[in-house]
Each structure stands twice: as C-alpha cells, then as structure tokens.
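Just one chain follows, in the form predicted alone, and it is written as structure tokens.
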C-alpha cells in the first residue's frame, strides 16, 4: 500500500515546492512507494479525508490559511513544516509590526497609479492581524528549515519517513540555508 502524501502552499513564494521538484530523478526512486493525493503540483481540488504525510510550505497569513491548516492537521497523520516561512513565518511576517489596514491602504491606494481603491471581492480572504508560523496554529511533527530547504534534505526526510524512521535533520538544516 502506497503512502499518501500531500503538499500545501500557504503564504510564501513557492520556493520550497521548487526545491521539492529539484529532487529530480530521485522522485522516481520513491514514486512506487507514494501517492501524491493533493498538491499545487497536481490537479486534485479537495483535500482528502486522511493523508499519511502532509508537507506545508508557507506561513499562516489569512483567514483562508487558518481554516486550511486546521483542516489539514485534522486530516493528516504526520504534518511537516517545510521551509522558514512555515517554521517561523519568515518573510511574510515582516508585515507584523504594521497594522493590516495601513498595509492594504499603502499597497492599493497610496502607491496605486490607477484604480486607487481598497480591494473588495468575496474571493479575497481577510488578512490576519499577525502572520504566524504553522506550529503556532496546529501541532507540527517535523520541521525542515531553509529558505528554501535543500532538495537533499527534503529527499532525506521523505525517504526516512518511508522507511518508518524519524529523520534526524539536526546537521542538515539551519535557518535561512
């Protein structure tokens, strides 16, 4: 039976997913052991009822992110925070010292050349007052630091989990590397 794996992208740059893809042909070496059931890399629209391993990139910055990560935690056996944005909120949290209304006004009114207006659309999720790392919202089982983490580190972590071991990443990762 294949291990069901999901990857999720919250507030971040997608660099962690690019690093995931940089595993190149090594993905083929684990392909017969895994089933990618949800990811921006595939076309599944609904998060499955239960996933063995979910890899989350990005910080929790909006009400949609918050609802999504709570649902994902409830439906994942193992949750991995991938990259510095998921681990400590990194770049998205640079807005934390500034009130949300001031940031939106600066972006959409003060700095706009045309259509100076606050964005209003039901598809736009409200921003949270503070951007948070994933572990501040839900329990995280494994942290993979890096911006983005090296593809070798991601591969090592997945390979170890597939062998039933908890990966020891203490010598493989550090903040920002």
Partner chain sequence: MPNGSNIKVKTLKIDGKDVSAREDQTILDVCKENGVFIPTLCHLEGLSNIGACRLCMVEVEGSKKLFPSCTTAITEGMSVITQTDRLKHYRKMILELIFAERNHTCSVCVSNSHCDLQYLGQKMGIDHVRVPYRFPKQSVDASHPYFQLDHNRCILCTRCVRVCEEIEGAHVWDVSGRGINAKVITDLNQPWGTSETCTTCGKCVNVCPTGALSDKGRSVAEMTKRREFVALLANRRKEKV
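Numbering follows the first chain given and starts at 1. This structure is a prediction, so every number in the text was calculated from the model and none was measured.
This protein has a second form, the form predicted in complex with its partner chain, left out of what is shown; the following refers to that one.
Asks: Indicate whether residue 70 is a 4.5 Å heavy atom neighbour of its partner chain in the predicted complex.
Replies: Because no heavy atom of residue 70 falls inside 4.5 Å of its partner chain in the predicted complex, the answer is no.
Asks: So, residue 147 and its partner chain: in the predicted complex, are they within 4.5 Å at any heavy atom pair?
Replies: Contact check for residue 147: yes, within 4.5 Å of its partner chain in the predicted complex.
Asks: Check whether residue 105 has any heavy atom within 4.5 Å of a heavy atom of its partner chain in the predicted complex, and answer yes or no.
Replies: No, no contact at 4.5 Å.
Asks: Indicate whether its partner chain has at least one heavy atom within 4.5 Å of a heavy atom of residue 91 in the predicted complex.
Replies: Residue 91 belongs to the contact set for its partner chain.
Asks: Does every residue of 14, 111 and 116 put a non-hydrogen atom within 4.5 angstroms of its partner chain in the predicted complex?
Replies: Judged in the predicted complex, none of 14, 111 and 116 sits within 4.5 Å of its partner chain.
Asks: At 4.5 Å between heavy atoms, only one of the stretches 41-49, 119-127, 137-145, 23-31 reaches its partner chain in the predicted complex; which one is it?
Replies: The contacting stretch is 137-145.
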